[in-house]
Every structure is written in C-alpha cells, then in structure tokens.
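Same protein, same chain, two forms; see structure 1 and structure 2 below, as structure tokens.
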Structure 1
Amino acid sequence: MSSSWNIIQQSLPMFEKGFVLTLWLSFVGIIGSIIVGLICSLVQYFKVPVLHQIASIYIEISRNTPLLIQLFFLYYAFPVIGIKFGAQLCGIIGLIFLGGSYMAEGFTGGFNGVTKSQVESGKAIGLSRWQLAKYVVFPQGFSLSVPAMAANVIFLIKETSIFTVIAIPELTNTALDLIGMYYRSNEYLFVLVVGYAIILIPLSIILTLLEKRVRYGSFGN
C-alpha cells in the first residue's frame, strides 16, 4: 500500500488536466452566457416585438429545468433527430443555455433597480428613450447588476461539475474515474475539493472587492 501522499502526487498530472479543462469550459461558458444574457435583457428592455416574447419563454424554460436534463437532451436525445455534437461542445452549449437566462435576469434586475426618480428626472429634461437608456439606466443598471453577475459566475463554475454525466474529463470526472480505478476515495476527493477551492476562493474574494468598488458608481452612496 502506498501512502496517501504518494497516491495524491501520482494523480496530480491527471487532476491538472481536469483543472485546466474545468477552467476553460467555465470561461467559454461564462463569456457565452454573458453575451446571450445581455442580448435577452436588451431585447426585453426595449420590448422588441416577437423577440421579447421568445426571450421570456427561453428564460423560463432554462431557469426552471436542471442542467443535467438539458445535457442529457443535447447529448442523448438530439442525435435521434439527427443533431449531433461532441461531449465538450454539448457541455458548453448546455452551460450557455442555462447561464444565459441567469445572466439575463441579473442584467434585467439591475435595470429595474434604477430608481424611479432617476428615470423620471431623465424624462423631465427631455431625454429620448435611447438617451435615457444610454446615460441614465445602463450606467447605473450595470453597476447594480454586478452582485448578481458575480453570484452567477460562481454558480456556473460549480455547475461544470455536472459535465461528468456526459463523461467530459473535467475535475469531478477525473476524481470519479480515479476512484473507480484505484478505490482511494479519501485522497482523490481531497484533491477534488482543493481543486475547486483553488478556483473559487480567490475568485469570490476578487468578486467581493469588485462589488465594493462598483458600489461607488451607483447613485446615492
């Protein structure tokens, strides 16, 4: 029996690969989610006909169903009707499908959080709809949406652990694979938790600092 430390050391190269993949998939997924979320929230803010309703339906479906079933659908059910993606692409599409609605709600929450007096003052000095959005609602709304964005970023990184169900070799999948092969659950689970802590603890500290900084930007503080 080799010692726990040896077991951990030997597994590190594999965990490193999983770690990098988790980071990469999260990064692509988060950027994609922000883009989709921004588009949806703008479409809703300006009440663009048809697209506005489509965005609402998409948001409700995506927010009220689990990522795991979304992934199963993409990975196992779509090929039956002739649409086929690789596992990693499925993971990214699934994460963006899920994250897009959370980001959209975050932005919309920020826009709605701009106080009524601000909007009405803008209207009173004769700003057009577009000027009101550009100079009053968006600058304040984006800074108000930062806390929600930060929470979503952390949430989406954690959700990548579900990618293990379609056998994407990210962190969680790496650990489960190793446990399956060598039956050393304590060691591998330890590395797994440390792996997520290395990503999430510094990130949540940075995001908290960012929230504090942006708060100066909002009106009335």
Structure 2
Amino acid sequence: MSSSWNIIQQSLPMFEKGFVLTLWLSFVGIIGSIIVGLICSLVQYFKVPVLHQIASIYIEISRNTPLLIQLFFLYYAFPVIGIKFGAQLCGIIGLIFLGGSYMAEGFTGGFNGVTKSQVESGKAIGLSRWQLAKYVVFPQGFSLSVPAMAANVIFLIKETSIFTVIAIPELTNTALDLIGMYYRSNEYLFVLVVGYAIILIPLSIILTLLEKRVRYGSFGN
C-alpha cells in the first residue's frame, strides 16, 4: 500500500501538468464551440441565404464524424497539402469543429422555443432582423438552451481524452505514458479517474444549479 502511495506521489507533478493542460484545452475549445454554435444557430434560425446551407452542411459533417477521425485529418492529412498545425492547435480546432455543431443544435432548440407571437410582435414594431436576434430571440432562446449547453460542456471535456492519439500530454496521455514506462496501471489509472472527477463533478453540480436557476427564473417571468 505504501509503495503504491509513493508511486502516486511521484507521478503527481506530471499529472498536474496534464490536468492544467486539459483545463486549458477544454476552456478554449468550449468557448470556441459556443461562439461557432451561436453563429450557426442564428444563421439557421433566420435562414440567411447561402450561409444557412453552409451551416447545415457543416453541422451534418461534424456531428456524423468521430473526433478521432477529425483529429487524424487535421494532424496527418493537412500537412500533405502544405498546411501544418501543432498538436495542441489541432486539438483545439477539432474540439471546436465538433463542439460547434452540438452547441448549434442545442441553441437552435432554444431559439425555436421562443414563441412566434413574440417574434411577430417585434416585427410589428419595426425591429430589424439583427434587433430581433439581439432583443427577442437571443435572450430567451439562450436561457432555454442552458440544459443542452451544460450537457455539451461535460461532453467536450470528456472528449479531450481522445487528444492522446496526437500525443497531446493531457491527463489521459500522461497516464498512458506512465503506464508504458513503469507498468503500474492501477496507480496511474486511479490518479486519472480522480483528475477527471475533480474537474467534472464540481462542474456538473454548478451547471445543474445554473440550469435550475435559469429554469425557475424563466417560469417566474
């Protein structure tokens, strides 16, 4: 038991680096996904010519291809045509590419939940399409989208474990490297599970509380 604890202690500095990197990649990827998702969702909601079709094609391709394949394409196929990204940038682009489509679907569900009467009322008082989006559709639709957005945030953080295939030293890659070097699977997998639990459990609780607050606030209004 003491031997296992010593092994865990010795590995903590490496896991700490992987933990910080996982948080950073997740944060950037999630923010990027929300931005892309919002843009695509609004473009689809207002059926902007040409952009509406492009957004639909992007969402279908992104949602129907695994992140693993997307990362392979970014990291190994693009250099063949002279476009080369670092591993971490590939990971962020891949996460945003995947997450943007899921966020777009979530936001679209929220925006479609805004009653037509409110949209028609906005048009009746002369609001432009941009003003409708800013003052009517976005505020209400965003609050209705919080449950889907929360689920996607958790999903995207867990998807960072796939980054190990392009040698990004996040939590999973760190654990696999240590197992490969020292053959102590139980200890390193235990630290890996604890690392993800430290990220996901508090975040899940916070997002659940936020979802309840938004839901009851909406009902109160």
Partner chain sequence: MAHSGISVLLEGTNFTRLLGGLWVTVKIAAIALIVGIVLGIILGVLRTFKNRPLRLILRLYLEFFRIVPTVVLLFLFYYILPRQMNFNLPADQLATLVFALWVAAEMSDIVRGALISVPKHQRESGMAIGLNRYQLYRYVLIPQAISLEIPATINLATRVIKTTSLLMLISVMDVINIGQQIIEANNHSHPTGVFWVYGLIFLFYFLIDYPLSWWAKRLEKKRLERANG
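If you're wondering where the values come from, they're calculated on a predicted model, not measured in any experiment. Note that the rigid core is defined as the largest set of C-alphas that superpose within 1.5 Å between two forms. Numbering runs along the sequence of structure 1, starting at 1.
I need to confirm something. Of structure 1 and structure 2, which is the form predicted together with the partner chain? Here the form predicted together with the partner chain corresponds to structure 1.
Thinking of the change between structure 1 and structure 2 as two rigid blocks, are G82 and V43 in one block? Same part, yes.
What turn in degrees does the smaller rigid part make against its larger partner between structure 1 and structure 2? Smaller part versus larger part, rotation angle: 19 degrees.
State the core-superposed CA shift for A133 between structure 1 and structure 2, in Å to one decimal. Here A133 registers a C-alpha shift of 4.3 Å.
Once both forms are fitted on the core, what is the Cα shift for V114 between structure 1 and structure 2 in Å? Between its two positions, the C-alpha of V114 lies 2.9 Å apart after core fitting.
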